[in-house]
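A lone chain, given as structure tokens: the form predicted alone.
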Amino acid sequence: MKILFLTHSFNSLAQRLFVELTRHGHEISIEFDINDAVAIQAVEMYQPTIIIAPFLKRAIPETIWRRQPCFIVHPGIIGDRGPSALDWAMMHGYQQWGVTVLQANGEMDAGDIWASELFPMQLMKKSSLYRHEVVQAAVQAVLTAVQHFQSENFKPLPLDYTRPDVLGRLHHPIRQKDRAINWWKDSTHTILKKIYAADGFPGVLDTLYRKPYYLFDACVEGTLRGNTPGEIIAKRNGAICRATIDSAIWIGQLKRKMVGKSSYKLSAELALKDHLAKVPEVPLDPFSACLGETYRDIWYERKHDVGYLHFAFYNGAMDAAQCERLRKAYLAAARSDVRVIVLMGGADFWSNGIHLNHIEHADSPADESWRNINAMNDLVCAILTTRSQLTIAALQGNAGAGGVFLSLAADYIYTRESVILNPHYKSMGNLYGSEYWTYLLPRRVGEIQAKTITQKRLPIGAPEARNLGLIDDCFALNQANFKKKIEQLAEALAINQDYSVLLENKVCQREKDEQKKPLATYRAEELSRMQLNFYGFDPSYHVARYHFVHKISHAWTPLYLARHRRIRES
């Protein structure tokens, strides 16, 4: 079928649905929901069989839904209506929630039901719940809805609140006063739940140093304590720790509330850099045992002859300091006597490359871009030139841009089957990219395929990445079982009777490649192009970064996504 996505942005759900529906043989085109006229024009140009709305912030025009079947993907159970579905479900502490695919009509979220899926709720960040449980349930529900649509016998169910199985209800939009933290009354668990239910967007509005900030990225602290609830009692690697009435809680990210202009998230320590001079730094070595819950973005575990290096950076963004700390931890692991090093990334993301928000905040974004990309390159080079261990990249979550090429530096790459990869930079203002991608990508998929991947700029599902040779394998496992599978693979590799041969072959191949063309040459060539992006006359990268960081709505849909507009132009 010809399917048109009408969506506010090409977010994680839209990308996953694009990959899954394409895999099932459907032809997908995408139009950003800019205004009614643009949406109507897209429908007229493409003439889709159905329209799917994975992520919308406003109603579909009546002139569209009356003429074309429009499937709304709603992150709520049957009967749930309103724009704050997931937020309220988390605030109420529901044990089960779901995703419903319903047909658009004249009443918001009240159309006929084509499919629905349930999933168990957990106490976790809303952004994490969305990327994993919601996206997975949405994929199943949309695939079922499409199958039902293609069936001649299926009739969608009208929404009927008299049915006992219709448990959802209409709710009002959640407000900041519903989320507000009372530091003198709320327990740590209550505070955590409130911040979790707002993570990603919009955050919980609070006051720090007499200024309004939105709080994100919360984590319980099990040891530190303070005398005054709400006071900042410690800082560590960008995060701040605040006392509560019964313990303490870490806040990793802040966004200043501005009047009349936009703002964006920064690490809490960077956002409050003028106020934290007297706040004690409480370091935590990545290699030290952790005796309780606390904030750590890099940590290392050893099991038998395998070392597992975790790095869980918010939204997968890695600034220069994080790259430098991760490289230092990696080199320390490589100096040990482990036989295999597994790069675990984080539960939500593997990596998305350089930290655009922190670059935007710098006095000189060009200089900070340069510093950040060189720190990424140093990290990639350290992994790529390891001679004493075999390395595995284990992708629990999605990866994009330089984060994909960071994973390609490892000897073996395994992912969850649900992972989406975006191995390209061009969408960020024609950014050329570095991280030795001109060596690493062709090494995996060949020169022709490498050019196709980077120019098309489309998301790649894990099974497709395996078929291309971009990764070695993927597994349809939840995160816990994926980690177990990785442990089995890593330990089997460590005791493999051919381990010495595998290591020697790796070292020899690297030496051959170095003689053919040194890594330093790849790096210099890439950085010469990046230097033009950062310091040249064309401001495209800086403009694109500004739009990305400030979440400025799209003015048009890029042609590489809008198949219907490419056809018209050709």
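Residue numbers run from 1 along the displayed sequence. The model shown is predicted, which means the values in this text are computed figures rather than measured ones.
Unshown form predicted in complex with a small molecule; subsequent notes refer to it.
> Out of Asn377, Ser84, Asn105, Asn357, which one falls within 4.5 Å of the small molecule in the predicted complex, going by heavy atoms?
The residue in contact is Asn357.
> Which one, Asn422, Ser116, Thr438, Thr386, lies within 4.5 Å of the small molecule in the predicted complex by heavy atoms?
Comparing distances to the small molecule in the predicted complex, the residue within 4.5 Å is Asn422.
> The small molecule isn't shown here, but in the predicted complex, which of 108-116, 272-280, 285-293, 315-323 has heavy atoms within 4.5 Å of it?
Going by heavy atoms within 4.5 Å, the stretch is 315-323.
> Using a 4.5 Å heavy atom cut-off, state whether Gly353 contacts the small molecule in the predicted complex.
Within the cut-off, so yes.
> May I ask you to check whether Phe548 falls inside a 4.5 Å heavy atom distance of the small molecule in the predicted complex?
Because a heavy atom of Phe548 falls inside 4.5 Å of the small molecule in the predicted complex, the answer is yes.
> When the contact criterion is heavy atoms within 4.5 Å, does Ile392 count as touching the small molecule in the predicted complex?
Residue-level check for Ile392: no, no contact with the small molecule.
> Whether Ser12 contacts the small molecule in the predicted complex should be assessed with a 4.5 Å heavy atom distance threshold; does it?
Heavy-atom contact with the small molecule at 4.5 Å: present for Ser12.
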